[in-house]
Each structure stands twice: as C-alpha cells, then as structure tokens.
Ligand SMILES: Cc1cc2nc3c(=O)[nH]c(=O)nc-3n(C[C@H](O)[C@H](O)[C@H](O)COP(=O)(O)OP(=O)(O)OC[C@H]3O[C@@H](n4cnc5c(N)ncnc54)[C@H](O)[C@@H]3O)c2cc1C
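Only one chain is given next, in structure tokens, and it is the form predicted alone.
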C-alpha cells in the first residue's frame, strides 16, 4: 500500500497543475493516470487561446508540463482507479495498487458523447472515431464525415481538410455553436462541404462504408469523426454523494465536495465554460486551499 498526503486522480492539465502547486509547497502528492498523461488536450492539433503561445499543439503543452513534473520529482502511478473509499482513512482502490491519502483531488475530466445509433458500436475503430488527431492520418485522400457543430467539430474538420480528399461537416442545424473565426476559416476550405442532417445509422461490414441520415439520405464515407459533446468521467464515484443528476461533481468555492477532504477540479465539475486556463486556475485555487489547511493543522 502506497501512502501520500494528496492523491490526485487524473493526469490532465488540472491534475498536473495541482501537483505542481502542492509539490512546490512541500506537500507530498501522487498522480494516478489510467491512460496517457495530458488528458484530452493531446487530441488538440493547435491551441490558440493559451496565454504565452500564439499557437501550440496539445501534445507539446502536455509534454512541457510533464517535464516540469519530472523536474519537481512528482510521482505518477499508471493504474486504473476502480473506487474511492472514504472511511476513517481515505483509500483509492486501483487495479494494481491501493493508495492511502489524507486528501483526494478528482481530476478525471470528460469523455466524448456517443450518438447511440445503430452500427456505431460495431464500427467503432473500424471507421468511426472520436479523435481526429489520433486517427485522421489513416484516411489520407479519403472521404470523411465529421458530425457536430461546436468548436471541437469545426477544429476537427479543419484539421482533416489538410488530409482528406473531401470532408462533409454534418450538423443538425444550419447555425453552428462554434466561434465565428472557426466558421470563417471553414468557408475558405474548398474540400469541406457543410450539410444539415442527423445520423440514423452507420453501415458497413468490416469497415464503415456509408451513413444513413434520418431523412434517408445516404452519404458515402470512409470514416466518421463524432464531436457532439462531452460527458463527465465520474462513473467510478457513484458510491459517494458528490454527483449531480447529470453526473458532474458538485464543489464549493474551494473545490471541496460534500465529502470532507475530497476535492474535484477541471472538466469533471459543473461550470459554465470548459477551457484549459480555467481548469488550471481551479487546480491552483484547490491546491492553495489544501496548502493553507495543512499549514493550519
């Protein structure tokens, strides 16, 4: 069993920022990550709203923060968290390890929402993807469908337009939720077609071949990238009274949940805006609150 003062679940920008602040204050902390450090920012091609950089890729930003963690000698445990137990002592139960911590910070972020239509699950990784940066290169000079109308969907369509022969951006409404500068950039792309409609079914045997819309229109495509929103990654915390009906974690102004000593930051909490700098600010506020608490004990 490992012991630490603060166990941080999730190694995205929020979790990593909290670890930097805690470690610099002399408080021992342990980051726990079940997949790849960096979280969803590594799926971003170009980040253009991060202060200090006119443009930086998500992977480069993640690597820069990881380098800082390494310099501070912050320990990262690569394991899958199964449950938190909040008894006399707090325990983080992982697949391979049990972590005992005085305090816990949840920074598990969000994951892509699925369309939940026929053929989606069967053709996942067989033409259907939720990450253009990860899988876009597999479909060079092919015909690609992007589903969605927010920033992420348009950013994916712009990225894929550099690889694909043709990109069809499918949105259920004519107006997009994305920022206007992204819409203007998209209009400049000759190989991007904007279409209104909703997916009813994905068709294909061993690989995606076509998409049937609810109006029965058939679109031929080699790949479909789905960007219709995000859901909080909080299922493993169902045993704790910290979730709202929408699955997001409720916190106070110090980012503490209803369970004393358990905090949450980043995209797994309910808020108006989901941005990298906002998640980092939450992490700093949360960590400094813990630092003050430790100093007063």
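Numbering follows the first chain given and starts at 1. Since the model is a prediction, treat every value here as computed from it, not as a measurement.
Quick note: we don't show the form predicted together with this ligand, though the next part is all about it.
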query	finding
Residue (of 47, 63, 228, 240) lying close to this ligand in the predicted bound form, criterion heavy atoms within 4.5 Å	47
Selected contact from 220, 80, 217, 137, since only one has a non-hydrogen atom within 4.5 angstroms of this ligand in the predicted bound form	80
4.5 Å heavy atom contact, residue 233 to this ligand in the predicted bound form	yes
Non-hydrogen atom contact residue 256 with this ligand in the predicted bound form at 4.5 angstroms	no
This ligand contact at residue 109 in the predicted bound form, heavy atom, 4.5 Å	yes
Contact flag, residue 41 vs this ligand in the predicted bound form, heavy atom cut 4.5 Å	yes
Segment that reaches this ligand in the predicted bound form - one of 22-30, 265-273, 246-254, 63-71, heavy atoms within 4.5 Å	265-273
Contact set, 3-26 vs this ligand in the predicted bound form - heavy atom within 4.5 angstroms	9, 10, 11, 12, 13, 14, 15
